[in-house]
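Listed next as structure tokens is one chain, alone, in the form predicted on its own.
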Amino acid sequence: MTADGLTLAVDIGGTKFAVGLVGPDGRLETSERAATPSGGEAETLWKTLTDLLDGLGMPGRPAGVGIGCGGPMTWPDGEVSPLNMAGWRGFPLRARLAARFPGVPVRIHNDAVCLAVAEHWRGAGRGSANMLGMVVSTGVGGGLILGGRLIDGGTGNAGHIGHVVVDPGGPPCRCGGCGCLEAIARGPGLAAWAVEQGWSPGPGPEDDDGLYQEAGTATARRLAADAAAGDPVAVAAMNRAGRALGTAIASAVNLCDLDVVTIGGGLSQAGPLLFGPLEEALREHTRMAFASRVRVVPASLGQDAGLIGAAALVLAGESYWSAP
């Protein structure tokens, strides 16, 4: 018995675990969420996930299982080592879920790739054959669609725009390099830079979802709130992030001839404070006609995007899944 053609979607991140059932039309029918256990061991993390799965109350076996998870991971085997989850190092996530749900396709990709897939399939990038989907939050990642298909690259890491170098003399990055987009524009790094420049954060707004209380993201939200209130250091920080994003996107556009770039994640909610300097830098570096036509727009699917994109690995595999 299958769950009425529904696909099970799993979204694993440093701040939350989410599971849901997605219909063939991409509609999220039901979902369950829980905070990622702080300092959880491997089996504690696994139990958090299985408890959520049990809570869904699936009426039988799903048509397939799609998974988005923070990296790094071996792809497509799905042994995961998320940076923000020390308990999972080489954890066989895909194999464990395949054992729990035998006889159906089980497919996994990086969580930022799943966000990009969701926006292309059912969101702000729908109708575009050539798109970059980005997430700007505690990290900066992305996924690349060319010719209407997800581009994986040799190891599943194509589209990882967070490690495009935008300032060779810039700050060190967690990858070991210097001046990467992620080192400048990720929320915690941006907030830390602002503090170094003399910013003292105000109280700021709380996140809409009570699960999202990770300190770096919350600080970035307070930074955006202070920028909106006119704090000069906060405004300078948003300008710095926006220009770095625009410069990196220009490189991607010139290389890949993109129609549209979608940007999601907590920092993207800053609106014109971020998108204004982004557009300014982008237009400075996209002078040829083919590149100047690109549109950069906010992502539209919100917190459901990770689950919808994970489900698309199964439901629209002809476009988004190329591995065995």
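Position 1 is the first residue in the sequence shown; the rest follow in order. It should be emphasised that the depicted structure is a prediction, and the values quoted were computed from it without experimental measurement.
There is also a form predicted together with another copy of the chain; it is not shown, and the following applies to it.
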Counting non-hydrogen atoms within 4.5 angstroms of another copy of the chain in the predicted bound form, say which of G78, G125, G156, G189 makes the cut.
-> G156
Out of A228, V164, V233, A98, which one falls within 4.5 Å of another copy of the chain in the predicted bound form, going by heavy atoms?
-> V164
Mark V106 yes when one of its heavy atoms lies within 4.5 Å of a heavy atom of another copy of the chain in the predicted bound form, and no otherwise.
-> no
Taking the shortest heavy atom distance, is A63 within 4.5 Å of another copy of the chain in the predicted bound form?
-> no
Can you check whether H160 is within 4.5 Å of another copy of the chain in the predicted bound form, heavy atom basis?
-> yes
Mark H285 yes when one of its heavy atoms lies within 4.5 Å of a heavy atom of another copy of the chain in the predicted bound form, and no otherwise.
-> yes
Thinking of another copy of the chain in the predicted bound form, which stretch from 114-122, 233-241, 246-254, 98-106 has heavy atoms inside 4.5 Å of it?
-> 246-254
Three-residue site E29, A42 and R89 fully in contact with another copy of the chain in the predicted bound form at 4.5 Å by heavy atom = no
Residues from 288-308 in contact with another copy of the chain (non-hydrogen atom within 4.5 Å) in the predicted bound form | M288, F290, R293
